[in-house]
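Have a look below at one chain only, the form predicted alone, in structure tokens format.
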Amino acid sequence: MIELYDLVGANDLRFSPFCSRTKAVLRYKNLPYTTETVRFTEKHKLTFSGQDRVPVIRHDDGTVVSDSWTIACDLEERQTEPRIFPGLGHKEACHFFNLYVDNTVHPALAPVVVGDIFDKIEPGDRDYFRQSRESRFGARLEDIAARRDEFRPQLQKALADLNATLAGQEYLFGVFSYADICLFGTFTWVTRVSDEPLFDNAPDLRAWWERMQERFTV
């Protein structure tokens, strides 16, 4: 049984995009797992992994793997079928897309929803979250939330690019792959912490999201 360390907010809300990616891979490969919850202020629970970020998994043989991309590669090597890198070049393409989501889509989303996230975490974690995010953004959370409309155009551009990619096809690369799992984790995060209307102008992206929700519940 694989043990997964999973970020948790108030009322047992599981909203980490990276943990959602790992859980989707585990379910796609039908690998049984248990979860150990980790709050923002419980990084000591991850000391055994040599770093302080979720997700982390521990295999039955004691092997510890961290980082959602590294975990995906580890699970693909251990159990190839069904594949998340289904063909020649897919692993490399998925790695590129993973970086695109983390470095382009997430920065477009974060300032729009960061205030909503603050409301969804345990009160005891809020000082940590405030300090870390205000340091990252260089502004108070309330000020960032008040400027949401200023940040939306960048988000809408990213969503438009994803919508255009999905036009006329069911999955991002034409066939199901880790790229879809990667983006699924991101939208799981946002839809669980915010009512931000992501799909009003993105019908193909909305249809993809509905297909992914039918496939996975994480």
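Position 1 is the first residue in the sequence shown; the rest follow in order. Since the model is a prediction, treat every value here as computed from it, not as a measurement.
Omitted from view is the form predicted together with another copy of the chain, to which the following refers.
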### Task
Could you tell me if all three of 161, 169 and 175 have a heavy atom no more than 4.5 Å from another copy of the chain in the predicted complex?
yes
Interface check vs another copy of the chain in the predicted complex: of 156, 191, 49, 165, the one with a heavy atom inside 4.5 Å is 165
Answer key: of 95, 133, 126, 148, within 4.5 Å of another copy of the chain in the predicted complex (heavy atoms) is 95
- Close approach of residue 89 to another copy of the chain in the predicted complex, 4.5 Å, heavy atom: yes
Quiz item: Do residue 118 and another copy of the chain share at least one heavy atom pair within 4.5 Å in the predicted complex?
Solution: no
**Asked** Is there any non-hydrogen atom of residue 99 lying within 4.5 Å of another copy of the chain in the predicted complex?
**Response** yes
Inset, instruction - Indicate whether another copy of the chain has at least one heavy atom within 4.5 Å of a heavy atom of residue 104 in the predicted complex. - result: yes
